[in-house]
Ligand SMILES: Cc1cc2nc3c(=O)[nH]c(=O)nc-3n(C[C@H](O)[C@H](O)[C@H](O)COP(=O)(O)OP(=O)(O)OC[C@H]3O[C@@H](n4cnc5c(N)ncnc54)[C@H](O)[C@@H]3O)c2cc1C
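Below, in structure tokens: the form predicted on its own, a single chain.
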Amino acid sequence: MNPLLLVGGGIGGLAAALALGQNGVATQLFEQSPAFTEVGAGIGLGPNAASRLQAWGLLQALQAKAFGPSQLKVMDAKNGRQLGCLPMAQDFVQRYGAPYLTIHRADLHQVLLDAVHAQGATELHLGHQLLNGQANTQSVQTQWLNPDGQTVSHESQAVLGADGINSRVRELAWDPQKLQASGHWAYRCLLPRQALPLAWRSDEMGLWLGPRLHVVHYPVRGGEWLNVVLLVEAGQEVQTPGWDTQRSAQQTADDLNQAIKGSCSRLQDLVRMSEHWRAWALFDRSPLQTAKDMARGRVALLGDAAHPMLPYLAQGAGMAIEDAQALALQWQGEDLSVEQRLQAYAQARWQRVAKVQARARRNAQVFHASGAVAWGRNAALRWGGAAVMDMPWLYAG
């Protein structure tokens, strides 16, 4: 029987290839880029994601590249006062069976790619652009533009789209649905920790909340670098998401200066330590409404192709990893058709990812609040502390 065909060689696609391979399922993975590369900066991996990576035998490789924050401190961006603290490290391991890790996106991608290579269950095709696809009751036929400029065809049991927020698989198999611009921008930079003042070399994650912005920072690359992300409501419309989107150096400087105006001096000092910021316009889609949003017939979506979300729960990579595990579980045991397996996968996932999408949107409002809403948020954090900040519904999932 023809192997499953995965479209997209990012975190979601490689995680799916690895998880399926561990269940004895052969796959072919097609990636549009001529080489496996991963742009970006740091990401968070909650215990829900780390536990799955741990089950795949990757925890040791991850811990060599990642960082385990001791705690999360939430601060008021205007006056610098601490609002709340959530112990992490061993507390999370004891509570959820896995740590919270912070890691550079490229490092996570490399760990997954190395594992896929070592497993040997996936045939990798680089430099292939998906042109078209047609599904019938027996298989899916896809047409590709290969690196030599030739059109080639492939037949597979099913097509699994893990090709990101601008998914070509989604375009071909679903009704058009325009991405929704949030008006928010994420500015990211990496700072060498040894070059920073001592106050910025702690083992903590920091989250600063202020009107129309928030800032998050944490160590990555084994603690050698500090990942800093400033998320701001710039209010400028763009057509497509992506890194370095339509932002000149002057526009970036203007956005950052405007965003941190009125913030405490300590936060302003952090933002001004780097001149090398990368801009990312934030897009998402409305929360999923039904399982058919993730699977139809012999075609299924996972990760950002299925459910792009704002980064205000730090769960983009986590949900893709959960998708991969849930997909692979459908190839265990029962003698089901491919269509039934994909439908069962979608039924198992759509409500959870819809909840995460909705919570991420809600956090965008809460994090950036002012006035009475900000007062209520700060009071809840001060009085509730770790109980308010922890998310068992998410991390234990």
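All residue numbers are counted from 1 along the displayed sequence. Since this is a predicted model, take the numbers as computed values, not measurements.
Just so it is clear, the following notes concern the form predicted together with the named molecule, a form of the same protein that is not shown.
Taking the partner as it appears in the model of the complex, which of 25-33, 58-66, 345-353, 367-375 has residues with heavy atoms within 4.5 Å of the named molecule?
Looking at the other structure, the answer is 25-33.
Heavy atoms within 4.5 Å of the named molecule in the model of the complex: does Pro47 have any?
Result no; Pro47 lies far from the named molecule in the model of the complex.
Could you confirm whether Thr122 comes within 4.5 Å of the named molecule in the model of the complex, counting heavy atoms only?
Close contact is absent here: in the model of the complex, Thr122 is far from the named molecule, nothing within 4.5 Å, heavy atoms only.
How about Ala314: is it within 4.5 Å of the named molecule in the model of the complex, going by heavy atoms?
Although the named molecule is absent here, Ala314 would touch it in the model of the complex, with heavy atoms inside 4.5 Å.
Is there a non-hydrogen atom of Asp284 within 4.5 angstroms of a non-hydrogen atom of the named molecule in the model of the complex?
Contact with the named molecule, no.
Please state whether every one of the three residues Val7, Gly12 and Arg168 places a non-hydrogen atom within 4.5 angstroms of the named molecule in the model of the complex.
Per the other structure, all of Val7, Gly12 and Arg168 touch the named molecule.
Taking the named molecule in the model of the complex as the reference, which of Ala186, Ala158, Ala326, Leu86 has a non-hydrogen atom within 4.5 Å?
Result of the distance check: Ala186.
Under a 4.5 angstroms heavy atom criterion, identify the one residue in Leu270, Ala106, Leu130, Val116 near the named molecule in the model of the complex.
Among Leu270, Ala106, Leu130, Val116, a heavy atom within 4.5 Å of the named molecule in the model of the complex occurs only for Leu130.
If you look in the model of the complex, which residues in 264-280 sit within 4.5 Å of the named molecule (heavy atoms)?
The one in contact is Trp280.
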